[in-house]
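Form predicted alone, single chain, as structure tokens, below.
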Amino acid sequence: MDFIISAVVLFILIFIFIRRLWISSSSSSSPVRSRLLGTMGWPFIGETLDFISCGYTDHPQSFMDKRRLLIIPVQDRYGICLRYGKVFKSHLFGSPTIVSTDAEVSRIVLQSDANSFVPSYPKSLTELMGGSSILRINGNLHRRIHGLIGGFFKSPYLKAQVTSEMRKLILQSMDTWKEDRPIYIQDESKHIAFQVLAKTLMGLDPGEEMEYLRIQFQKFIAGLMSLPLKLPGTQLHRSLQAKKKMVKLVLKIIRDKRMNVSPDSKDVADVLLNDKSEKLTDELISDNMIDLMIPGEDSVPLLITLAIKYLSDCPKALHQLKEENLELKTRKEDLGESLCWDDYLSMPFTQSVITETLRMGNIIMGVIRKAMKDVEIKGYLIPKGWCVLTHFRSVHLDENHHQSPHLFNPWRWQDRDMSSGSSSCFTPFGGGLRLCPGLDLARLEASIFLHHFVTNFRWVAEEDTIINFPTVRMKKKMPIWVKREMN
């Protein structure tokens, strides 16, 4: 018994010594640490567990709010604590990290080039993406690929193709909906969006290959936020095996395209294959087709699902949205015309609903960049090797930027420029050189879905809650009960 007590006491003393050594080293070895308030948390794990646990609550930004609001001692239920201001230091996901909830600081970080900041991701994600992913590469190659894809995504040809494909798939799906059973919007929108994505990226049509790709992709993304262990039986190992199967299929598609390459680019793979750069090998293109599916697979379905969630809770907004879409539908029918892509994007209140959904939903919580050298921004010195978490959610829900920020209020965007890159206070798609090239397509796909949904159905939504970690999603997949409109 004495031995056990002595061992426990020794363990506690060693733990206290390590913790003090950790805090001491993290607060004195760099100039920033004397100028930025914050805590490095526990040894090795830092404040990661606290950050993650807040992500599973109804107030995921509470981790930030507890730390950022005031640089004065404040009283809470645990006693006296410090709040550190809008930019503070922490230790998250294995790295010393500067957390920015300041719109201007985040804007400068996002607009910086690879000489100052490069993307940083959790280790499991980097293992799955590989070194040649557009999400990780920098410099001329990144600018080349990003420019090619961005230009194609903005083309009227692609927007017309996406409009036709999206409308066809939506109507096919809605034809199967029954009034005596719940419709799970999250699943329905994911199924539709994946097919549009596969067609846009590599020209893949529904069939056995697409279904195989979809199954393997679900296994692949299950490991994006897993423990970084590649041992057989672990989630990361299963995800890596799924990616190998995906690469084999996509590489076959790319090589078939290479043999029959057409000067008229019909999908992203065609665009990259038509480029003359020797760096754009078949292997690099196939890898990036898969990596481009990561942000594309979730963003559109979640935008659609959250919009329906917020509209279900706001009858006034739903009524105005429905009136606007019915007016356009009637006008086009009177003219004997089908809606084209710019018709869907022409409805101002529909776009305000989408913008407000992006602000409140925060499908992308934020991004992480790693400092390649000491960088000073607004008097804050960010040391080389440290990460910076630019936290979009804190800015989007900051009452200094958006009045009553937790209230769904599409009318706040009327008569305002809704371009995602136009304001440092609204960055749902990131910013700078890595601004998401698919932002216009995301708006278009959401607009098409909402138009056909609200003009064809009335619905009652079941109670559901939003989960914010590791990705945003609805706990029950947003079940609704529909009634067809008698048009």
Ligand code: HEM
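Values in this document were obtained by computation on a predicted structure and should not be read as measured data. The first residue of the shown sequence is 1; numbering continues from there.
A second form of this protein, the form predicted in complex with this ligand, is not displayed here; the remarks below concern that form.
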Consider residue 41 of the chain shown here, and say whether it contacts this ligand in the model of the complex, taking contact as heavy atoms within 4.5 Å.
no
This ligand contact in the model of the complex: residue 63, any heavy atom under 4.5 Å
no
Do residue 437 and this ligand share at least one heavy atom pair within 4.5 Å in the model of the complex?
yes
Does residue 91 reach this ligand in the model of the complex if we count a contact as any heavy atom within 4.5 Å?
no
The single option of 383, 295, 122, 405 touching this ligand in the model of the complex, heavy atom within 4.5 Å:
295
Counting any non-hydrogen atom inside 4.5 Å, which residue from 247, 284, 318, 134 sits next to this ligand in the model of the complex?
134
Going by heavy atoms within 4.5 Å, which of 269-277, 215-223, 300-308, 334-342 lines up against this ligand in the model of the complex?
300-308
Would you say all of 194, 202 and 290 touch this ligand in the model of the complex, counting a heavy atom within 4.5 Å as a touch?
no
When this ligand is considered in the model of the complex, the residues of 343-374 having a heavy atom within 4.5 Å of it are 358, 363, 364, 367, 369
